[in-house]
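Just one chain is shown here, as structure tokens, and it is the form predicted on its own.
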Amino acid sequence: MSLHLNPLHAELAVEVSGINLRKPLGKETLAELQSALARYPVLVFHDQDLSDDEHAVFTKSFGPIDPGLALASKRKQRLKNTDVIDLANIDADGNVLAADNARNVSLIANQLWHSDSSFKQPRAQYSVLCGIDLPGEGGETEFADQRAAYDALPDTTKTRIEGLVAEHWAFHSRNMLGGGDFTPEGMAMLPPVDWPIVDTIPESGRKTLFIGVHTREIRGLPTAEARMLLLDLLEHATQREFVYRHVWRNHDVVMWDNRCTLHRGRPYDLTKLRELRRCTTEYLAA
């Protein structure tokens, strides 16, 4: 199979056609997708009406499943396939949640720039997000290229941050928004982890920033200095020239590399249904 790639934003995002994600991936097709991801870390597929099982099977082609925040949650699961993360603003009976429901804290936190599961060891590699039922307005998803952002840093900043290590904590963003429905026992399941601020992607050899809203400290720096540096880097890394905005259609599938992109959802009317589902793979670095 030969995929057709239509670039959407520089070397960040590309539309992929000529593939049916419901069918098992052959070795040649898998290699083509991995090659595309090495150049374009955001892949967009249209008209892919995947079941949860098909969603999980496709994702597992790229590595073991990452459970993410489900490790810390005792919330009743709505979906039967536990490899699939439910990102819908509805309860187990299909009713849209009240705007002040604790569940919405986590959904709103997704509107902050982040990398999925940067707060875990191992961290995430690829995420595959399926749009099931989207509002007519709002709720877009934006992606920021952290390779291009690193390349554009002044040399003095590159020198300053080389070798620095940031602490990532899952609940830093939730605390910023007033908490959530996580118990102390659940939060203890995801202690803070450390990752270098500058990383190299093995498949491309390109350097990238690895930051986002889950970062709250830099080892060896006072908290105030660390947080201002992290805020400055995040402001730089999410400038418009580095960002692709995806406007959803129902049954879109978007796949991205968490190692070199940040992403965020955009606001939408919380009284309207917005249903997406995500599968993510763990990054098992050599």
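All residue numbers refer to positions in the sequence shown, first residue = 1. The shown structure was predicted, so the numbers you read here are calculated from the model rather than taken from an experiment.
The form predicted together with ligand OGA is left out here; the points below concern that form.
Just one listed stretch, out of 113-121, 188-196, 168-176, 95-103, contacts ligand OGA in the predicted bound form at the 4.5 Å heavy atom level, and that stretch is 113-121.
Distance criterion of 4.5 Å from any heavy atom to ligand OGA in the predicted bound form singles out 129 from the list 148, 213, 161, 129. The contact with ligand OGA in the predicted bound form, taken as any heavy atom within 4.5 Å, belongs to 140 out of 140, 133, 203, 91. Among residues of the shown chain, residue 14 is not one whose heavy atoms approach ligand OGA to within 4.5 Å in the predicted bound form. Residue contact check for residue 21: none of its heavy atoms lie within 4.5 Å of ligand OGA in the predicted bound form. A residue is said to contact a partner when one of its heavy atoms sits within 4.5 Å of a partner heavy atom; residue 87 meets this definition for ligand OGA in the predicted bound form.
Using a 4.5 Å cut-off on any heavy atom, the one residue of 236-257 that reaches ligand OGA in the predicted bound form is 256.
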